[in-house]
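Given next, in structure tokens, is a single chain: the form predicted on its own.
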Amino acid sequence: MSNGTGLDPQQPIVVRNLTKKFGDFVAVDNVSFAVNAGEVFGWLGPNGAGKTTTIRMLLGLLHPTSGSTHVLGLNSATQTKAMHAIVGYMSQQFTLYNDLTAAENIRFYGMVYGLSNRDLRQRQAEIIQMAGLEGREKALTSTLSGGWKQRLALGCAIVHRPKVVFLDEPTAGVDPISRRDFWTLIYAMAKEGVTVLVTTHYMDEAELCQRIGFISQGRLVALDRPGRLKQTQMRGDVLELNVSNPDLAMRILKAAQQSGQLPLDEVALYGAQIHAVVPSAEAYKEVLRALLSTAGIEVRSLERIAPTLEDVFISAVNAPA
């Protein structure tokens, strides 16, 4: 059913032919996508790819050069104030006031969003419980750990019960346990129908998204479910090598890649293993083994493996335009 704007109400985030230029530099280049209601959508790309610029246009903080963004049926550029009242935003800086207590931060943001005293008392109790801050309500925010600050910042961002939440690298610099706990909160929101658009540099977090968009040099280069991206977006085969001297092996393989001796699309260390992306696993397995063995490197195992999401991400963003 139409909401009078020609937009699907089941798609609370709609981006159409979005372009942003800064002088001659194209930060976002004709990007289009939509996010479904209650979906956790990952927006991934290298530094400078255009992720944050896209979010800033969705929030109406930047005006597009061309194209449009709509959130909950509202045009981000022309209906910014109305849209801000019904969405949530959390940045990696955790926009909290360190000289206020946890409870005072929640109260401040609740007042900014116009909550009644009764509703604010209820939301404060709910957020304190959600953030695991029982007993620390009166602690200065500056004294809280990164994980507690993170959950408190999320609580402040959703104090007004928004239906759409933007999270811009919200787990940067937070320990793995706190990151896991944070994603539990994200999925709790999604189960209640909240639509979440999140940017992250962590591939284990990207795997948790229901769909992912890859942006590179301002262009949308892939968009699908994580499992489907692994099936459709990988250029070439991934060989995993377990060798006696990974550092030396990496230098040899990188040199062969750069000289054109081997058509390696990518070579990278994954812990003590090496992933090498080749046009064909069967055609190049023994070529790689011979190259390393000649250099005195023992190849303990060399097998084709299913690509990781990180392999797919690197392949997608490095693909020729």
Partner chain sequence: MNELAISAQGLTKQFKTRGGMVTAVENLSLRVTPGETYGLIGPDGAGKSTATRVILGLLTRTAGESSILGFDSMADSYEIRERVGYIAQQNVLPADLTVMENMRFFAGVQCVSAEAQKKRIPELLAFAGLSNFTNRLAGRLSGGMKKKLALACSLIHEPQVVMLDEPTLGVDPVSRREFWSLLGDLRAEKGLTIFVCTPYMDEAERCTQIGLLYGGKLIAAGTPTQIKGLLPGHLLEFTPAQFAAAQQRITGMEGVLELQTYGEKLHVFVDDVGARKAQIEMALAAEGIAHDDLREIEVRMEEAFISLVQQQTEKVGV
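Just so you know, these numbers come straight off a predicted model, no measurement behind them. Numbering follows the first chain given and starts at 1. Here, rigid core means the biggest group of C-alpha atoms that superpose within 1.5 Å across both forms.
The same protein also exists as the form predicted in complex with the partner chain; that form is not shown, yet it is the one meant from here on.
Using a 4.5 angstroms threshold between heavy atoms, residue 266 counts as touching the partner chain in the predicted complex. Contact check for residue 279: no non-hydrogen atom falls within 4.5 Å of the partner chain in the predicted complex. The partner chain in the predicted complex comes within 4.5 Å of no heavy atom belonging to residue 118. The closest non-hydrogen atom of residue 250 lies within 4.5 Å of the partner chain in the predicted complex. Stretch 173-181 is the contacting one of 173-181, 69-77, 105-113, 150-158, since its residues have non-hydrogen atoms within 4.5 Å of the partner chain in the predicted complex.
Contacts of stretch 200-215 with the partner chain in the predicted complex, defined by any heavy atom lying within 4.5 Å, are made by 201, 202, 203, 204, 207, 208, 210, listed in sequence order. Core-superposed comparison between this form and the one not shown: the Cα of residue 61 travels less than 2 Å. Core-aligned CA deviation for residue 217 between this form and the one not shown: less than 2 Å.
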